[in-house]
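Structure 1 and structure 2 below are two forms of the same protein chain, each written out on its own as structure tokens.
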Structure 1
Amino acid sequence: MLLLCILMTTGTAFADDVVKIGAVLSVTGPASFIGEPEKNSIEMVRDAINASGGVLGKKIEVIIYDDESNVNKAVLSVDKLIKKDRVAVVLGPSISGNTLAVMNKFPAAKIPMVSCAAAEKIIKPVNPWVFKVAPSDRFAVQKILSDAKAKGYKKLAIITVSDGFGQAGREELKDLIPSSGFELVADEVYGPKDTDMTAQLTKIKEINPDAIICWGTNPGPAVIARNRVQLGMTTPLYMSHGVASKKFIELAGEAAEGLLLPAGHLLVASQLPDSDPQKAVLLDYTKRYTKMFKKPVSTFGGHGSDSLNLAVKAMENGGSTDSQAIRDNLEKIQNFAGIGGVFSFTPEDHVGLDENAFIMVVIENGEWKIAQK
């Protein structure tokens, strides 16, 4: 087997004393920036739970397979977890493509899966055995539009990147902007490798919308932020959660000042009011993660932590480590404060989050600040 298997066996524990949990993550390959922090977080959470006595008196054993960001390897790994390792629940995969490729195996196996990927298609229509912890792009769009509505904007322009992330965002924007009572006045596209977007922005400038929404990941949005300043535009610019990293501020420099974007609460954990249910969880996670791995935390690691914590919570609530019981109790979890948001699942809602998974932040003096409502 060419698969790089990372087997974590907890010493001499007997089969009856452990509950086996599987995970398929993109630890290496192009999506390693997602999979690696997820793996780290899952191991960190596992150690913490085992150190405090495990779940229902049993130790947790997590079997992590690396799918190398490759869809075929993800399928093989899931087969192995279901048939050979006979795990109680599967965490991951890390990315949407891999999740969509494997999710139909779970109803037949009667094992629940908690995906760390974001695509809306994972939970719509609802597959009874499939859950996800990453908030949908749609929530980020809704968060931006709520903010635009509060500010009284009417005419909106969008500029999106022509890759998977940008086009998924464009679909949501084109759907939600008119249905939320806005007018979509410009729909511009740029290539992921483009280095100058002044042509698109000049066109938008002439249409003069109330605000612009840009949907992409670095470096495109940084170029757009710079081009906007270069053209002397003062139209408010919203970015997507795809640039919620320090790298964006570094690349856009002064041009990033005053830009608004929806981001996970983790980004501004220390600024949250003490009444926020997530604050303690986020600060504790950040402290432990940075201490253990000497790396900054990321939203992705949060998904890993949430997936394992939710699975364990379902076991505790149901008093059973049986797959069917885990599935039934995942659906019943209410108001669980995780890293990605406060989860409340129902039989119809298998992500358990809404637009409040995001918080509007503004860039001020090169730092993230919670935007005033």
Structure 2
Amino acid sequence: MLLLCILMTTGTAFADDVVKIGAVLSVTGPASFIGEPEKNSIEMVRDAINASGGVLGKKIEVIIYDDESNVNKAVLSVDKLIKKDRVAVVLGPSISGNTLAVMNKFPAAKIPMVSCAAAEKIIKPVNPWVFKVAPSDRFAVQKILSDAKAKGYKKLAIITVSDGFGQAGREELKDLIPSSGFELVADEVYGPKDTDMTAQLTKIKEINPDAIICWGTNPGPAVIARNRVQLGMTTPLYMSHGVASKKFIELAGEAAEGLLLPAGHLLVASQLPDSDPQKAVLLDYTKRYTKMFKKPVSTFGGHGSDSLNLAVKAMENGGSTDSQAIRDNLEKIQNFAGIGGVFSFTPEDHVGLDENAFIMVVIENGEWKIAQK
């Protein structure tokens, strides 16, 4: 386990002068393309808040542990943040499997967690101490199926990865595809470390569906995109929001051309109308992130930014950095324009977003474009 960052303030502040916030992120390992921009964004937001005087007169100290994309290390990291570091709130984990493994620790600790992962199971049923900022997988499926319906597709095939993210997405796909009037004609699964999905795609090719939906995070979906081209398949291929980063386009190369996926508005911020409530926030985040890290933004970095900004907003609204007050006031946040969407939480809704958090994008000439309806 790698301790990435401990004291983010001047190093001389007294305990009463700081509010300790924990984070468990997949900064290294297979999910590093998710966790690294989350870490960068949290540090960027922390610096901006501290530079403007902190929150309620206190500087923010962020303790970040890298779970290395490993569920056991995520569990150990959360235990350390709760029992040793005694943080007021925990941000993350980055991925669904790790979040699902640790989320039941928070009610007993009476510390709120703001996950950066997408699985619907994280917030359904509602755990009073668990929130998330990544739009639910169900919203992404609904966005894909709306596009498929508009194109007149009837028969759909799915290919999903066998990890936590893939299993959660597969459940939503198997529920929503038939209930939305489509026929699910193929249900293939691959392992997160598989390097060739030709066998699964060959089976799908023989069935001849109208479109294929791939649900996974890098690198598997990029392999599937390349295998599809290698097999000479022209069947339309949808990807999930799990590949909404430039890394996917780099990995898939020319095989990414023409692929469609639901993504956060961040990827196409400059193409949004000025009336979009997120546009100014997204452009400002993009400007600051690219200047500081010399890298393109990704949806995942936005989750890191939102997790810290929402926790701080709850502190400001409640006038307290106490864990119970943070939890209570997270539930009351309304119309907060963040990177992942416009958040409105309630006691029954701990993601605070809906299908509108996504927009369908297409990859053209190695860039994201808003897909035409």
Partner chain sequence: MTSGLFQYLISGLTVGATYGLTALGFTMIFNTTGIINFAQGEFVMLGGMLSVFFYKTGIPLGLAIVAAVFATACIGGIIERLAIRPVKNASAINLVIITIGISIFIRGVVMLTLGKDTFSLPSFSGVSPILFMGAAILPQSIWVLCITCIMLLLLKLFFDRSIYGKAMLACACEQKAAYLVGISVERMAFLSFAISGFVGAIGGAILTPITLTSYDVGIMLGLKGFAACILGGLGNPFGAAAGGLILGVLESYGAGLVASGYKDAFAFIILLILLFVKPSGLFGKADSERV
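Throughout, rigid core stands for the largest set of C-alpha atoms superposing within 1.5 Å between the two forms. Residue numbering: structure 1 sequence, from 1. Since we're looking at a predicted model, the values are computed, not measured.
**Q** Which of these two, 1 or 2, is the form predicted in complex with the partner chain?
**A** It is the first structure (the form predicted in complex with the partner chain) rather than the second.
**Q** Is A211 one of the residues whose C-alpha moves 2 Å or more between structure 1 and structure 2 after the core fit?
**A** Yes, the C-alpha position differs by at least 2 Å between structure 1 and structure 2.
**Q** Superposing on the rigid core, is the Cα displacement of G253 between structure 1 and structure 2 2 Å or more?
**A** Comparing forms between structure 1 and structure 2, the G253 CA shifts at least 2 Å.
**Q** Rounded to the nearest whole degree, how much does the smaller rigid part turn between structure 1 and structure 2?
**A** Expressed in whole degrees, the smaller part rotates by 21 degrees between structure 1 and structure 2.
**Q** After superposing on the rigid core, how much does the Cα of L173 shift between structure 1 and structure 2, in Å?
**A** The shift comes out to 3.5 Å.
**Q** If the core is used for the superposition, what shift in Å does the C-alpha of E364 show between structure 1 and structure 2?
**A** A shift of 5.9 Å at the C-alpha.
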